[in-house]
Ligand code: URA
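What follows is one chain in structure tokens, specifically the form predicted alone.
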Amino acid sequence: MTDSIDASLVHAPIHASVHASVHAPIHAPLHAIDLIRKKRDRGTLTEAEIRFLVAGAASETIPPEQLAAWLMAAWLNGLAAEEIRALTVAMRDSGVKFDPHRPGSGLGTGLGTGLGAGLGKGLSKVAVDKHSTGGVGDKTSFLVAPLAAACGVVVPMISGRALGHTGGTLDKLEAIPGYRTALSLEEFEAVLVKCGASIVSQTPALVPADRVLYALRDRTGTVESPGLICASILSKKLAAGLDALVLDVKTGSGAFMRKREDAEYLAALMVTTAEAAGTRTVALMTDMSQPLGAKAGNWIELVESVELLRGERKAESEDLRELSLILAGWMVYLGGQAESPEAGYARAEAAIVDGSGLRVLMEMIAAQGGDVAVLDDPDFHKPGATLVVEAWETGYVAAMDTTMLGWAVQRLGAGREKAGEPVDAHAGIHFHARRGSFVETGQPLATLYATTESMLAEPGSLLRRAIVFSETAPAPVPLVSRVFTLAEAEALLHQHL
């Protein structure tokens, strides 16, 4: 994914529609080349035509060059709202789906009370998840999943790996010896029944169309399309049988979409599309003008998260704690276990204080084969090489190019530049100064952990280029700048008509 969405796509009308000829036979066979031409000529595909393309992608019966041509036409001309919704649902339905409420699952029995409006009546628990558009040091999943589960919702979380400048939730969890992310749906269900939360990878049978289409988008320069991004993200989330979804949409120097209007448009699009598919959804615009929390990497992010769940409070991690509680509060609220997001926040904070959130996390790790003992072992973290970068000026940390800092983390060995490459569990950066901190020359600014000594030089140079000092403190940036419920999302999209 690149840093921004093409502006012409952001402002393209989403309800424009060009209908197929009324003279076409109702049951005429569909051909990929006709649908390529139709999209090329700014037409709007029908639901049946979208389903045909998605089925052809999943079964690999449509050649990749034809799928790529259609993707490029969709990228250039945009997708209408009805096309995005049809694409999302068709991709969701392209493989097996997980249903946490099916009879006999262990999650859909009992009557339950106090459920959110229109959510899961007759079910004992409501399935709620969180999705982030990606950032540096973004480890909220390790806090919100156990906290929300401790408050009475079930959290079936299907996550991804590091690619580009952002870290991957699965890579971080696999820093725990033995932790298994590739569970069958039956194993996934068993962990959810036992623990209330499970964080796993996408199975080969789940949303197979997305794997084919995303691989083509990645190779053909068609990633940064709001409609295609929306369908890709939501198809995987909705295939997990969610009742509700909280979206964390990043803005700022470390976000994939640096332009605020791009991020807002995508947030609104995802909220309306998910709601149309029957999943109650809210999107929060959150700050990524600096790394979230004090640590970015794999193992060290887990350690920071566990420290917070243990009730430890450190100024350097306060933004991570606050955002995690806000997100968890919305999850608890949408799951019907609180009367408001603020009440949900209070319940999530109580789950830190009483230790129930930490217990859920430890139970989940153990249930998925992880060795929880290493989380109490201070000697487990053994990086191959270490470098302390000292402040080269006296002044305030005024700005950070967080994308550049993300690349520094990845090139220390914590991430990958292409799928399939191994990652180093112990590589990463511990930031000792935050945006707005006053530092003096020679004061430790960050500690770099690398796989080998030779891998320290480039990340150290990137860090020095990414951080800017000034004589005056920078203006504060709100952690959460905007919340999109369905009404707010529809209002923003209406402005683009």
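Throughout, rigid core stands for the largest set of C-alpha atoms superposing within 1.5 Å between the two forms. What you are looking at is a predicted structure, and each value in this text was computed from that prediction instead of being measured. Note that residue numbering begins at 1 and tracks the sequence as displayed.
The same protein has a further form, the form predicted together with uracil (URA), not shown here; the description that follows concerns it.
Looking at uracil (URA) in the model of the complex, residues 132, 214 and 236 each place a heavy atom within 4.5 Å of it. Exactly one listed residue, out of 188, 407, 256, 265, brings a non-hydrogen atom to within 4.5 Å of uracil (URA) in the model of the complex: 256.
When uracil (URA) is considered in the model of the complex, only one residue from 140, 403, 232, 251 comes within 4.5 Å through any heavy atom, namely 232.
Stretch-level contact analysis of 132-140, 284-292, 327-335, 308-316 against uracil (URA) in the model of the complex, using heavy atoms and a 4.5 Å limit, identifies 132-140. Core-superposed comparison between the shown form and the other one: the C-alpha position of residue 75 differs by no less than 2 Å. Here residue 359 does not count as shifted, since its C-alpha moves by less than 2 Å between the shown form and the other one after the core is aligned.
Here residue 214 counts as shifted, since its C-alpha moves by at least 2 Å between the shown form and the other one after the core is aligned.
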